[in-house]
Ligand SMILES: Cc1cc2nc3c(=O)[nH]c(=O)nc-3n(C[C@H](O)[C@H](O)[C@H](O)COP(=O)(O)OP(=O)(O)OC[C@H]3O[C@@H](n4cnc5c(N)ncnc54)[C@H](O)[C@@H]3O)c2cc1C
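As a starting point, one isolated chain is supplied in structure tokens, in the form predicted alone.
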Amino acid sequence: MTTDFLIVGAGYAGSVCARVLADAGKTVHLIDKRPHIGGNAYDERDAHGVLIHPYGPHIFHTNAKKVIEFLSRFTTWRFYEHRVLAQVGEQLLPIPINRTTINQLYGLSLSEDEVQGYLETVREPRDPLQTSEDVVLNSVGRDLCDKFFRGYTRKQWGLDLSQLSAGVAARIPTRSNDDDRYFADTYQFMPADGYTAMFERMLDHPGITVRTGVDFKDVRGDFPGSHILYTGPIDAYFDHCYGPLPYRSLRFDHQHLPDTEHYQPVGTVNYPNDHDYTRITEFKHLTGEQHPGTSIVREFPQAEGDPYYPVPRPENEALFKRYAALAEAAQGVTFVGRLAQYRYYNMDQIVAAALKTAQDLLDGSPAAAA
């Protein structure tokens, strides 16, 4: 088949690149081994008519104006600020930790300044901050670490905080005020018609051909002369020649509750210390839809299954760099996205990386053409 680009993976990275390249007059053939577009951000209506995220909650937030402007070509938005509570004992407390969290947990009535002072008395200074345990203990001390972070991390990653790179815990701030938003980004929205509708519009272009249910390995030799843009696991592209890169997977338990307006007070409730699952998300909070029942999902992290999260540890990064060297030397292929770059990217970071990658390809950048 003749096409300028074969793009492997119809999630954010592949779809954004496809649209930018097609807008520039290139022909694109986009494939995905799943039976749908949108990657993990794909959404659909369940059997009861509630819009759900089959692969767990996806909440869009960004500080990048160019990212929101690009996506706004394909969707209108619903304003939504995500809020998360964590169950600690019998209490549901805000996470990230803020003034409300500390006052309610310990029966205090501290002001903002007093919260800062309190945290100074309980924190365990660590320098350098090499692990996630260092980050959390340096910020909030041992008791808050054990109540909110240690158990959750063990479930989520199958590792202790001390075994994870510092960047994982650094993603979660600590606040001395009452701001209970999970994210503090300038732009916090949900696609008004859902993510799948946004992807459908993005890929609706005469220069883009889409085929789902197609595995790259089955068509790898069918596109001679086409530049490959690969968004899957980088180790799989090279047939795991150095051994598999570790990824964390998830199992999702979806449930519909009839005649229940809301199951929980916020979009997501974390369970750091109880149950085998890490969190429960209720989708009606995210979408704002009205329905006499409600649909929820419980997330069970696991070692086996589809790759969701690169496991951020120094030895894994060293293995990735061996694959990255192969990628740099490869001709006619470009790697972009969370799995291809073995990075724990948010959605907006993937969009930004894809926009740059596509533009580099159009500009003939040597790095993009590798």
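So that there is no doubt, residue numbering starts at 1 and follows the sequence shown. Worth saying up front: this structure is predicted, and the values here are computed from it rather than measured.
Just so it is clear, the following notes concern the form predicted together with this ligand, a form of the same protein that is not shown.
A heavy atom within 4.5 Å of this ligand in the predicted complex is found for exactly one of 246, 96, 191, 232: 232. A heavy atom within 4.5 Å of this ligand in the predicted complex is found for exactly one of 140, 269, 214, 297: 214. Not one of 147, 152 and 312 places a heavy atom within 4.5 Å of this ligand in the predicted complex. With the partner left out here, this ligand still marks one of 312 to 320, 63 to 71, 50 to 58, 325 to 333 in the predicted complex; by a 4.5 Å heavy atom cut-off that stretch is 50 to 58. Mapping the unseen interface onto this chain, residue 250 counts among the residues with a heavy atom inside 4.5 Å of this ligand in the predicted complex. When this ligand is considered in the predicted complex, residue 33 lines it closely, a heavy atom lying within 4.5 Å. Among residues of the shown chain, residue 279 is one whose heavy atoms approach this ligand to within 4.5 Å in the predicted complex. Contact annotation for residue 350: at least one heavy atom lies within 4.5 Å of this ligand in the predicted complex. Residues of 316 to 345 that come within 4.5 Å of this ligand in the predicted complex, judged by any heavy atom, are 337, 338, 339, 344, 345 in sequence order.
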